[in-house]
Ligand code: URA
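In the block that follows, a single chain appears as structure tokens, in the form predicted alone.
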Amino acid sequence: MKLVKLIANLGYGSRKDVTQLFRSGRITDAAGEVLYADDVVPYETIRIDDEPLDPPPGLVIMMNKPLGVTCSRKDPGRVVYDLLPPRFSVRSPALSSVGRLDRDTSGLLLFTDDGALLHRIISPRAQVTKVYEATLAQDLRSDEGALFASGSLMLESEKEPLAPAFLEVLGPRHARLGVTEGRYHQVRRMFAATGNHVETLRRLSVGALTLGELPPGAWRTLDADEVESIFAK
């Protein structure tokens, strides 16, 4: 692929815009030598205004999604893509969130431009466990753990029971819940089925991948080992 197309696909501008970057001498190699649109050089040596290029296709990002932000490209309020560099929204292939967290749920959110990886993560066959921490409006009844683990819980308007999930009680109104599915508002609806209401909800992990010290609103790219940890059992 020609450099002009590669750089345009990363969202740095149209081909016309990127051609102008070349003409202006703003695209160089790591040693500062000016590059031309038909040069063939290692990806990692390319610089724009002395800065390395964004990661190539196959990008995987982890974000600590804050409250009040929507997993959408268009919304009257703030969206998760507002927290990423603007050019990420026009990359080709497109960068998409891996599933969604609603506006009132915070925590670990993944993005990728790898469609096959996205579907591998969200597929029920992969049984990737997502762990959430919830605070509740009422005390737990004590039978929720057995109910969630039974594999027989039916949610309203659903035709199939939920897969077994685990519950760890942290306090009278405080719990961790691990699920392997991603049904609409699943965690909130599970507690609603027991007569309770989720007041706060945060996703802690996806597979063996955790947020670590990543602060709310921040993001970083994942390496190959971290991506593989998503599928660790």
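Keep in mind that this is a model prediction, so the values were computed, not measured. One rule holds for the numbers: they count along the sequence shown, beginning at 1.
Here the subject shifts to the form predicted together with the ligand, a form of this protein not shown in this document.
Checking A37, L201, I48, I61 against the ligand in the predicted bound form, a heavy atom within 4.5 Å turns up for just one residue: L201.
D102 is the sole member of D102, D75, E158, D82 with a non-hydrogen atom lying within 4.5 angstroms of the ligand in the predicted bound form. When contacts are judged by a 4.5 Å heavy atom cut-off, H185 counts as touching the ligand in the predicted bound form. Among heavy atoms of Y132, some come within 4.5 Å of the ligand in the predicted bound form. Exactly one of the stretches 121 to 129, 85 to 93, 134 to 142, 102 to 110 approaches the ligand in the predicted bound form with heavy atoms within 4.5 Å, and it is 102 to 110.
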